[in-house]
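The form predicted on its own is given below as one chain in structure tokens.
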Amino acid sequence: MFEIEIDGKIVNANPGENLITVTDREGISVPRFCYHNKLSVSANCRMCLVDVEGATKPQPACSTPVSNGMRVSTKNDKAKSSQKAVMEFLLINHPLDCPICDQGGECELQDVAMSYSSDVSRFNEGKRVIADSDIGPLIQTDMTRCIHCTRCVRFGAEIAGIMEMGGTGRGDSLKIEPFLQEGIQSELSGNMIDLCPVGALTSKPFRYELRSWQMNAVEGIARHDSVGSNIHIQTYKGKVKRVVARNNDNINETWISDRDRFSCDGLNHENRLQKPQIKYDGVWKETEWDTALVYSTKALLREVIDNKEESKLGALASNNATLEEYYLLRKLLKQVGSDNTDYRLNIKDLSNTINLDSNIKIKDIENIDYALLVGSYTRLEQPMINHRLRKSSLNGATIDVINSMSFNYNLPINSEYILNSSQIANLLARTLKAILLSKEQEIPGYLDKFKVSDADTQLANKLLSSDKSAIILGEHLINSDNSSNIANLISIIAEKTSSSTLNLSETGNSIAAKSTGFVPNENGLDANEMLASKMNAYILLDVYPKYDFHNSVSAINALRDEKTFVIALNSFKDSDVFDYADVILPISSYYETSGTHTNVEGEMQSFSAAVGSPKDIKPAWKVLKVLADLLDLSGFNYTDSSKVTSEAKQQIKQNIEHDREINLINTKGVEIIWQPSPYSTDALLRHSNSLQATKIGQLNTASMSASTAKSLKLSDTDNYLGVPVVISEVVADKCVFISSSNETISEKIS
């Protein structure tokens, strides 16, 4: 570290730092447009010109490295005149449309122009006009306002990993535009809106809604995946209007995924439940909360408690509920005398589940030198994890992939194994055997039948020779016959090679559900056992059977049983809720309730409600508290959700023992992998019209190899389980990979 002088002040600087990094750290204001601390330096706007002693011309602070003894002035006449000249040049073609520009009030050009421009223009020629491009349903373009800072171009190339925007033409013909007619397809595209320093790229769903100064910003946590990205929720008169990223370098840096940004569009959907409803003599009637709650508790007393049939009461919850909601619903059932609670609705065989601990921090993923990715398309399914993985590859990490289908990753893949689940389990078994042979350790009996090939040895050697390796398991294999075997093999391989593990098979807030004990103990029934039994009553928390269950037909049929009383706590009235429920209690959706989200690294992040719910909609934790009070249960005297949080944290299970028994199974017939569209994984996303209009939101394909299609007697003009068939040789044989938001699929999967 050495000393430099800036505006007469002696400051410390590190060798290799650019001058603008030092000025920012010291709180010295230097104007800029093209510079962003998470992007590469382009130095093309020239707004950050400063006077460096000894230099013949002003130098751009963003690209000028510091040197020992350097003397810099950011405010003398030479620097100021240079900055003002650049400002005048940038405004030559910029339209005077601030009153109708959505960027007004948060426009960097406006802010800088106040200090560095003149109120009179010397340019008398006609201004240039650029025709706008339609780049999709999320981003509105007004490219006449573009100042060619290239932030959007560099974001696509460096962060999103897809070069979708670029500069065409030269001189006064230069334009920033998309390369392809399809527009912007990145799952991180909304970050371009935040990056744009002017009004060239703005939010299309938010267009002409409000000015930034009219809104309040509330800190929140995005809950659509297992990352828990930090966000600002911007509100106006009790309505969520916009969501933007909040900096947290340990979790999401300064980026968020499109589903985190645009899901709030679904809050005002016409399908929102507005009032409690009860089914009386087969007819649905809207009612008041008191009536609905009393009706519900009387039914629970009649059907369960008074008859001493507590074992006939079950509670099912989605994997997107808050930690507090899981805790209260579990506590309610325990006090009634039932252990029947579960959130694992999409798993076919709950005796064969994935149990794998995550022991790597999200921020440390970018520092690994080798990653083995198993059963996941992280780019769409976990965009922020994929971003860290991409950073690791740019830092020199080698990434190998084992999947049942080849995907369009936005990062370099070293080796790709396209195998069905039985072959994946066998590959991992051979790799483990190769590792044990290399370490001259005892070979367990279940590995005796496997013969190690050169490819297996190479995979083993990569894990053994890496200093910071990680094995990442996704959600594609949750319904494989070998799901638990694969997880256990990964756990043992990681242990033998000192590798980290990351379990992405549990999405949403599943980790909170597990830690609060929202799974049955030895006396309770799991989700599948409940549905197969004749239950007297259910409490359903944010459950939508058509989408949430691995087999929605059997689930709905079980819930429809005339002898079963169903209390449904939901935010939306889709998924045939009126067909199977007896009472519907409208609950707050995302952004309308407080709670806690636990991310994949175990970080618990609490959040407050950004807005209140509409008049007759209540937070689920309050509904559960009142139900417990009406049932005369003790210990539910909470005044706010933070009291629930404190109590729940004292009882959370930190370490859960896993059985690592391995009994490999050869799957017969065709294996179906059903992966919901990334924009259909919860009810709010499904009701966001802007997200559903994207190509990602409209994914609807059943991909299979030609040999698999032949065995199923299908062609590329047919549908399979209600989804159009795509014949492709990038899918493993005896495997069908379905990516869709089509709710009819799960009705047909056995």
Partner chain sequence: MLNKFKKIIKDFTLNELLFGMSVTAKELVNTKITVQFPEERTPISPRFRGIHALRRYPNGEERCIACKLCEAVCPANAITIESEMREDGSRRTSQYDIDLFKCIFCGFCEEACPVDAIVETQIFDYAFESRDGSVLTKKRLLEIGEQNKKAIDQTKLEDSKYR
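All values reported here derive from a predicted model rather than from experimental measurement. Numbering follows the first chain given and starts at 1.
Heads up, the form predicted in complex with the partner chain isn't pictured, but that's what we're talking about next.
Chemist: 208, 213 and 236: each with a heavy atom within 4.5 Å of the partner chain in the model of the complex?
Modeler: Heavy-atom distance to the partner chain in the model of the complex: all three under 4.5 Å.
Chemist: Among the candidate stretches 150-158, 592-600, 272-280, 236-244, which one is within 4.5 Å of the partner chain in the model of the complex when only heavy atoms are counted?
Modeler: Among the listed stretches, the partner-contacting one is 236-244.
Chemist: Which listed residue (253, 456, 526, 102) meets the criterion of a heavy atom within 4.5 Å of the partner chain in the model of the complex?
Modeler: Here the answer is residue option 102.
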